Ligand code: S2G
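Take a look at this single chain, the form predicted alone, given in structure tokens.
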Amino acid sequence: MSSHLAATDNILNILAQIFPDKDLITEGDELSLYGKDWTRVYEPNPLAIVFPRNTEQVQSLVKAANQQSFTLVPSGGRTGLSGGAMSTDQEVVVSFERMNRIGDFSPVDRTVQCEAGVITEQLQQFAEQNDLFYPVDFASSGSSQIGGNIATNAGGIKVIRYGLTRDWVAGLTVVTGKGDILELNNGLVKNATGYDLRHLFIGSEGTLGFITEATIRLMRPPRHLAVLVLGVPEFDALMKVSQTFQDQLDLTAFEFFSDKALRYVTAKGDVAKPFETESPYYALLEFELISEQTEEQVMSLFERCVEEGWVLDGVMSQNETQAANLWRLREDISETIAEFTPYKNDLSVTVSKVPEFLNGVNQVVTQGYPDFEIVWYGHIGDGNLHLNILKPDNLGKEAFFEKCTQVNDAVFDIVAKLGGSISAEHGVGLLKKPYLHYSRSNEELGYMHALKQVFDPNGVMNPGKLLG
């Protein structure tokens, strides 16, 4: 028997000592299923899949990985778009889907304890059942998990009003890369006792340790949400519409999408166009319609935007069903273009720089991809734009991705020039790792590598991601 096979057998034997058969997969199609995320660039190649049931079991696994020199990849809902949950080199995949319990709930503190595998929508429903609200929301809420959301500091469609996942994490339980269990912040609002290690693990993509449990803050639910969809003639007008409404209203969302994105959604036949007027761009605004006065204010702002030539047409929801259908115009985009194997860039700048940013990037990608269809959408209210390049039918996947990466440097040069981020909310993972220097200085990268060494000295946690 070769030394490699002997080492593999030894690792599998160790896993079998920690996990019963029902919580361990070593062969079959499920290896590939759990070894990948939504990234289409890489092929999954895990050694095994394990399903821990508690923090102590995760700790035993991490300690074994350090002792026997094998590596671990965390797996949540596998909805990531940067390759952060990909296993490509015989790693052991750690799926948290069976750590899915919602624990202690404090209505006074408005906090609830969740294991890492709790589905985002499950937490949202729990909050609603207790007359509260968990505001972090995105298209993958029905399958993404809280642990993964925290590990990538997920954003979504409500950031303009409610912020990122980071803003709702009151405490964490983590297992570090050394195998230590840390209880961080314990749900406190005020805690002036030095370094807040909680925030190192938020957004760390599982490279410092694994999040096993979180204390999440909740809030009062918004009242009488209404949705307004507007047709806009040019991108610069979107910014004027945004400023006009935000000066007068506390918006819970301000999203945009292009006419191309709308055509893909409506072509499925499940959702109708919002109105007949053709528009190059569309804005979706959400707000609390709490009185007749608010409605009058909204209509007055709409009329002003029409008079200024910033808006061509519009429609406002009259009930919850209409609001949900209007939201589908934005939320269904990612799903409807998925069959075209899109190459995705998730970019951000400060809101004031968005027009310069989009015009510059649009020029670069139009020149670089003259034969490719480009679909724009995003969270314009927080400066986050999603650039999607669709694969032509006559081009293979590998050739398509290679061609797309050729223009990345020009796009990221614009990002760097404007002080933006190459990854607003999808994380770095494998896909964005070669470009991290566009958003982080050499000094920052040096400190990040040093932190990695402190928490994971043997490099067992999510190898190859974020920092390499």
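These numbers were taken from a predicted model, which means no experiment stands behind them. We number the residues from 1 along the sequence you see.
This next part talks about the form predicted together with the named molecule, which is not shown.
Between the options 281, 168, 377, 210, the residue in contact with the named molecule in the predicted complex by a heavy atom within 4.5 angstroms is 377. Here is the short version: of 118, 329, 228, 81, the single residue with a heavy atom within 4.5 Å of the named molecule in the predicted complex is 81. The named molecule in the predicted complex comes within 4.5 Å of a heavy atom belonging to residue 344.
Although the partner is absent here, residue 426 is a contact residue: one of its heavy atoms lies within 4.5 angstroms of the named molecule in the predicted complex. Using a 4.5 Å cutoff between non-hydrogen atoms, residue 334 counts as a contact of the named molecule in the predicted complex. Contact check for residue 386: a non-hydrogen atom falls within 4.5 Å of the named molecule in the predicted complex. Screening 377-385, 217-225, 306-314, 184-192 for residues having heavy atoms within 4.5 Å of the named molecule in the predicted complex returns a single hit, 377-385. Applying a 4.5 Å heavy atom cutoff to the named molecule in the predicted complex picks out no residue from 283-310.
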